[in-house]
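One chain comes next, on its own, written as structure tokens: the form predicted on its own.
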């Protein structure tokens, strides 16, 4: 384990067992504050892509206060804390309003129970611990629907190559087969013709991103909606990243394609409140077009010796603090607050993209908005990333093709950040054209390796496993 993975060992020691006697709370708080100040100092510069979406320390303090009032509450016990129902219900209702949930009342969409006539849906949702749980929950719901309503034992989902890796994680966990769909290399959108040909008797649902994490581009959701309707299958829109900012971009007049429940084939949408919803980490909303589909997530045990047990999703115990803080964040901002933040983010992203386009050596992929990816046909883009890192920037690296991306959040909207990006990018382009290293440092971390070479894949897997181990284990004595 390196100093980077566990930098506090020498300064604060390592707890390898419970201390014999508890430490003073003031001492513990001082230690926590010291670590937090150091770590917050990096992203507060505005040079970190994504990760910190709000960046407002007063807002964080406000959510911490709300969380503290309910952190000890288990929302499974609604009789003790009925406020949890208020928080959860209103979080879902506000999210549905933003995603035009009322449109679902006109049509239940392509999914209906066997023998039940299509009618208006009842838009609904559930609050999860984050985008991954929202995606896993959607996969589980579609699997159960396919089994119960269609008799499909091993259902399939058609998944764009750019879709989040959590879909493959869910497929692995729940026994759903992935049919990978290629993307157009120019638009970075999923190939609709391929999806149309790939739909078969075991297809349970399609996936589209609004927007995808890598390139910040929106799949042709309207086209996917038509295919879902024609085939009587589901369509999940992954709005974990864009769900809480693209609607405000549309309201501000930006060219944002429709991706929500206004499209009749859309049967579920995930949107993360802990990203551009500016809620606390560990919260997301999974919205459904109808209660029939949401019900597939429910777990009921009627004859357990401990009583009748039922839970709405994958999680059992959940902290009421997450619900309270998420609710407090949303109602404190309101539509005006979300629009104000979105206006600054979209303007900043446009200015940063213009800085990229000013260099003929760089090329932006697709037609992105607040999150954009770029590569170079002239030099190794990871050399550019190396140079930006020496100036304090942390852009996210990509592969197949090698690229880097910037996900613009509120910290980038601070005065002077865009100007610094433009200046540092020019320096990085000059360096990348005549680098001092033969191989870039960040290329070894993010990509640059060919696919389908078993020996290399095994080596990379070993490194990834080692990193996961290092992030969970204390250093050896």
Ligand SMILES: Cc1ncc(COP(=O)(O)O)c(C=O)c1O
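Just so it is clear, the model here is predicted, and its values are computed rather than measured. Numbering follows the first chain given and starts at 1.
Beyond what is shown, the protein has a form predicted in complex with the named molecule; the following relates to that form.
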**Message:** Please identify, from 211-219, 343-351, 174-182, 330-338, the stretch that has a heavy atom within 4.5 Å of the named molecule in the model of the complex.
**Reply:** 211-219
**Request:** Could you tell me which one of 293, 146, 98, 241 places a heavy atom within 4.5 Å of the named molecule in the model of the complex?
**Result:** 241
**Position in contact with the named molecule when the complex is considered in the model of the complex, options 366, 131, 109, 247, heavy atoms within 4.5 Å** = 131
**Message:** Quick check on residue 260: any heavy atom within 4.5 Å of the named molecule in the model of the complex?
**Reply:** no
**Asked** Wondering, does residue 386 line up within 4.5 Å of the named molecule in the model of the complex on heavy atoms?
**Response** no
**Asked** With the cut-off set at 4.5 Å between non-hydrogen atoms, does residue 135 touch the named molecule in the model of the complex?
**Response** yes
**Request:** Please run the contact check for residue 272 against the named molecule in the model of the complex: heavy atoms, 4.5 angstroms, yes or no?
**Result:** yes
